[in-house]
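Here we start with a single chain on its own, the form predicted on its own, put down as structure tokens.
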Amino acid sequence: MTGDPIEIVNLRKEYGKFVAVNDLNLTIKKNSFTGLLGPNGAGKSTTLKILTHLINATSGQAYLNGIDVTVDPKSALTGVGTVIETPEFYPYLTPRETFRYVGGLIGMRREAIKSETDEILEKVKMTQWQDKRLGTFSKGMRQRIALGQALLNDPNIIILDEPTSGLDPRGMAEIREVLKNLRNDSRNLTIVMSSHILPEVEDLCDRIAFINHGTLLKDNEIGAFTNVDGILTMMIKLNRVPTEADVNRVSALGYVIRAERIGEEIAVSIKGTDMRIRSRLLEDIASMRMGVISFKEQDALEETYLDLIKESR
């Protein structure tokens, strides 16, 4: 045991012959906002469902505040707030009534429920709708109420499974703003969130754990993935699908570290971030007359993500 708020040890989940979580080991640091990042089907949601005791593990341990949720889920989940999958509410209740109902279920005193409700409604920016029926709310508004419900008992751990999934751009922006405020205002709150949206993780999280095929590929502070050895990757899109000959011509440029086709683009990695190097690359590519229609820098986190996922196939 490390003493960190979340520790996953050799966690495994099998569905017949299919292994959804494959002997996963992961530690979530105290007061961090950690993003579990991976493609659909990587095992992120399954891991979080085991942590919240919605499903049972095949083997392994998952500790919340030092208590193994696979052995004593009731004690382990004390002090943990969760939003897993699409939240469901009684549509005829208001946010204030919902918090009163949930608070009563988890044994909170009426005075504590009232004081927490006022503060939480302010945090999730739902004060002006506190007495409106949830059945009239948009999905984004219901998601904010779900986040508020997760905060009701003053938890020190929040577990979120793709909290912006299915929302429109405005709803996504609203949820991200609430999460940013939680991260900035709470001194004793550890948040772990699953996502497959790179900009979302980069915007919110200070640590990232890359997962694929139910296995941890790498985890570290986000800065370790966004400043990668001074190597810059430019994405070049042509007016047609690039050929192997196109890639080879670009690879032959003396200052290019590597070039490869990714989808309908050519990813070109060069050493250094000097603007003159980018300019030289653009001039050389243009001189090849391959029909370039776009030339842009690839996000370093995206590059790391694609490399790790490709290596884990």
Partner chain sequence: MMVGDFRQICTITKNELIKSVRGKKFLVSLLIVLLVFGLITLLGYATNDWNPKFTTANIISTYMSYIGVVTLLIVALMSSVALVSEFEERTALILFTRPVRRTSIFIGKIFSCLIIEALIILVYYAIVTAFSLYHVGEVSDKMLTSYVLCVLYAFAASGVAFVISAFFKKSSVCTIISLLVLILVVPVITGMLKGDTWFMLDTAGNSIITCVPEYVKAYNETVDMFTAVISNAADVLKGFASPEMQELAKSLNEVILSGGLSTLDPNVIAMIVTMDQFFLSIPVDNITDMADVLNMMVGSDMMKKIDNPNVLLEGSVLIIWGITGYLIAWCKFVRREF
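Since this is a predicted model, take the numbers as computed values, not measurements. Positions refer to the first chain, counted from 1.
Quick note: we don't show the form predicted in complex with its partner chain, though the next part is all about it.
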Residue within 4.5 Å of its partner chain in the model of the complex by heavy atom, from Thr243, Asn239, Thr86, Ser115, is Thr86
Only hit among Leu167, Ile222, Leu182, Leu93 for heavy atom within 4.5 Å of its partner chain in the model of the complex is Leu93
In contact with its partner chain in the model of the complex (heavy atoms, 4.5 Å), from 69 to 77, 209 to 217, 231 to 239, 122 to 130, is stretch 69 to 77
Original post:
Are all three residues Ile262, Ser269 and Glu303 in contact with its partner chain in the model of the complex, where contact means a non-hydrogen atom within 4.5 Å?
Top reply: no
Any of the heavy atoms of Ala150 lying within 4.5 Å of its partner chain in the model of the complex? yes
Residue contact check: Glu202 to its partner chain in the model of the complex, 4.5 Å heavy atom: no
is_contact(Leu105, its partner chain) in the model of the complex, heavy atom dist at most 4.5 Å: yes
| message | I'd like to know if Phe137 sits close to its partner chain in the model of the complex, meaning any non-hydrogen atom pair within 4.5 angstroms. | response | no
Taking its partner chain in the model of the complex and a 4.5 Å non-hydrogen atom cutoff, the residues of 29 to 53 making contact are Lys49, Thr52, His53
